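There is one chain below, alone, in structure tokens, taken in the form predicted alone.
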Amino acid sequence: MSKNYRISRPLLFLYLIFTYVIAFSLWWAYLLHSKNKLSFDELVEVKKTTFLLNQRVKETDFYLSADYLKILDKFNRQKKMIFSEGAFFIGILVIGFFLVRRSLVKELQLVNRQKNFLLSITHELKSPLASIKLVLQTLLKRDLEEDIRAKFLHNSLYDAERLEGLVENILLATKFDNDSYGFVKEEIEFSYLMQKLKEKFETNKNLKSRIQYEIEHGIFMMGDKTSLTSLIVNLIENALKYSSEDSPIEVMLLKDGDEAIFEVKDLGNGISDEEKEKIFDKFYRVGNEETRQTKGTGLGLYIVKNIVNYHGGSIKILNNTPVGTIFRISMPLMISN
């Protein structure tokens, strides 16, 4: 649990309530035991006096008598009942505390991620919009040469596509949350879809030599073209974000038995085992949005996981060699008649 959650008021309030209830329960258990012990001592004293007057024997004989053993047995049963019921109550209380605490921590994490999402989405929206606005203002005010004009328009188109992808991710995430996404499954040549996206990425000259592709032809499957496109783009863009600008990225698509295997390998910093369990959570990103340098909203891998699930596939995160991360997706191929 992070430091933010340790000092949060809701958790502090929960700890105080739990401590109070435990202390209160132990105090009442002590009082009940003391009262039971006091009643036992008083009853023993009365019985002992009566026994000694009637029997006229030694005091030690009383502690061997049936009357004393009966009183002692009742006292022990009451003591056992107090401690067993107290232990059961405290056990239930402890289990309930940890369940409530876990739920509360998850809620606090979600609230924190949503806050980070709002911070990041503000930047993600403002940056391309400001760029497009500046280009349009420049084109309106100046008579530029054709090659400079084409470069400006190309950059504006790239920013517009970024905005389009961002909006598409937000819409997809909302639909997944509400179980309202309607897949239109049809026969798709995954290889052709991958080839078209390869060509799109290669229009960016900075990425043309950086991304290395291995695409096996003739891979068909039943799927939703729009969502599979989003899956590919999100994984490649994720690798671009978290690896240095001069490190290569490998993208591979091939057949393996009755499955299509899609892999994206990078040489970035890698992902710790602890992070691997969290990165598919909605809004989850490493670090804080106020200090993080990489772009993103924390929706990409959440969307990828849902798309893979809807297509009956699986996704694994592996450590690359010597450094980096491999995202490996397996999805069923179309069965030929």
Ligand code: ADP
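Every value quoted in this text rests on a predicted model; they were computed, and no experiment measured them. Residues carry their position along the shown sequence, with the first being 1.
The following text describes the form predicted in complex with the ligand, which does not appear among the structures shown.
Among residues of the shown chain, Ile271 is one whose heavy atoms approach the ligand to within 4.5 Å in the model of the complex. Among heavy atoms of Ser191, none comes within 4.5 Å of the ligand in the model of the complex. Contact check for Asn306: no non-hydrogen atom falls within 4.5 Å of the ligand in the model of the complex. Shown alone here, Phe75 lies farther than 4.5 Å from the ligand in the model of the complex, counting heavy atoms only.
Per the 4.5 Å heavy atom criterion, the ligand in the model of the complex is contacted by stretch 262-270, the sole one of 105-113, 223-231, 262-270, 191-199. Scanning Tyr310, Phe40, Tyr284, Phe62 against the ligand in the model of the complex with a 4.5 Å heavy atom cut-off leaves one residue, Tyr284. Put simply, of Tyr213, Tyr242, Phe97, Phe83 only one has a heavy atom within 4.5 Å of the ligand in the model of the complex, and it is Tyr242.
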